[in-house]
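A single chain comes next, written as structure tokens; it is the form predicted alone.
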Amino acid sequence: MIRVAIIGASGYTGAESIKILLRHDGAKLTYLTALPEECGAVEDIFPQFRGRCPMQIEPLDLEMLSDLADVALCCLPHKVSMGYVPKLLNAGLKVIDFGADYRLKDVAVYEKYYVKHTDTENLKHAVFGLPELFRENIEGAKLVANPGCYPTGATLAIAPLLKEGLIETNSIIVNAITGVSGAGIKPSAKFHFPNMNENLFPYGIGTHRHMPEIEQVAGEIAGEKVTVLFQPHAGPFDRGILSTVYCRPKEKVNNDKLLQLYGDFYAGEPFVQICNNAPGVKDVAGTNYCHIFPTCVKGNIVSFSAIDNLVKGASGQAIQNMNIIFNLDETMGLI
């Protein structure tokens, strides 16, 4: 039985991780931590767990943690993760980090979009945790960088095209919409109900931090530099991401060829479903699935994908990675 600790258990991804682990047959929650002001009984912080999780969220005690857990799910924001991950690794734990601190391999790119990096040594050894593309790297890894929610949906939508070299790599456009939970559990004026209700708006125009992450992973798949124009939007729904990716083909393709390509590429992948029509966020809400629909429109390839940002875009993918690290059935707790 894998013993699991959650660092930063008081947020949305912490709650989603608890929910999944409560039904996991090969793992057990043994330690939950958060900032002192966010600690208390799980059922008081998240009433949905009343009668199901009689645990306390406590301030972090590293010595106690090293005796109680085999792996830590690090549900912390960027910059904060870097302060904890080295200590967790030194305590002998495997770490799956939900933040951005170990995703971008180029330190200069990370520091352009985030802050000064303070743990470049562990960055060298971190594995990017998108199982459908990097499963072999994840097996037995000590530190997995869980992908961002937007990069997960966008990358899965175009990976077959990039791998087969079917599209121009200098003109990819990703247009995506996320639900309000993508902004995190702490309230802000922009995402306050009166501003979000019956509203839709773009944000991070030309500057969103997930753009270089999408380009990095797409470049690894394609084996060449990839340029992506990424534009996120926020919509008035709780959870989910719908991505629409526009690509220019290098040669003429048709819908039958696209569906065959995607079906072959993702054959055997438990959480990717190739659809015959465009997916919606409700189709995947609460699940670890990614629904994808590729099609041809006026000589272009348009690929749609839908994921739940809190599950396949965060906690579900992290536990999928955990299952791979410990050689468990990859779908444990997720189906």
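All of these numbers come straight from a predicted model, not from anything done at the bench. Quick note: we count residues from 1 along the sequence shown, nothing fancier.
Just so it is clear, the following notes concern the form predicted in complex with a further copy of the same chain, a form of the same protein that is not shown.
Novice: Establish, in the predicted complex, whether 93, 135 and 252 all lie within 4.5 Å of a further copy of the same chain, using non-hydrogen atoms for the distance.
Specialist: No, none of the three is in contact.
Novice: Go through 211, 166, 127, 261 and name the one with a heavy atom inside 4.5 Å of a further copy of the same chain in the predicted complex.
Specialist: When a further copy of the same chain is considered in the predicted complex, the option within 4.5 Å is 211.
Novice: Taking a further copy of the same chain in the predicted complex as the reference, which of 106, 139, 238, 224 has a non-hydrogen atom within 4.5 Å?
Specialist: Flagged contact: 238.
Novice: Does any part of residue 119 reach within 4.5 Å of a further copy of the same chain in the predicted complex? Heavy atoms only, please.
Specialist: The answer is no: residue 119 has no heavy atom within 4.5 Å of a further copy of the same chain.
Novice: May I ask you to state whether residue 56 is within 4.5 Å of a further copy of the same chain in the predicted complex, using heavy atom distances?
Specialist: No - in the predicted complex, heavy atoms of residue 56 and a further copy of the same chain never come within 4.5 Å of each other.
Novice: Would you please decide whether residue 281 lies within 4.5 angstroms of a further copy of the same chain in the predicted complex, comparing each non-hydrogen atom pair?
Specialist: Heavy-atom contact with a further copy of the same chain at 4.5 Å: present for residue 281.
Novice: Is residue 275 close to a further copy of the same chain in the predicted complex, meaning a heavy atom pair under 4.5 Å apart or at it?
Specialist: Contact check for residue 275: yes, within 4.5 Å of a further copy of the same chain in the predicted complex.
Novice: Only one of 147 to 155, 226 to 234, 119 to 127, 68 to 76 has heavy atoms within 4.5 Å of a further copy of the same chain in the predicted complex; I'd like to know which.
Specialist: Of the options given, it is 226 to 234.
Novice: In sequence order, which positions of 184 to 200 have a non-hydrogen atom within 4.5 Å of a further copy of the same chain in the predicted complex?
Specialist: Contacting residues: 184, 185, 186, 187, 188, 189, 191, 192, 193, 194, 195, 196, 197, 198, 199, 200.
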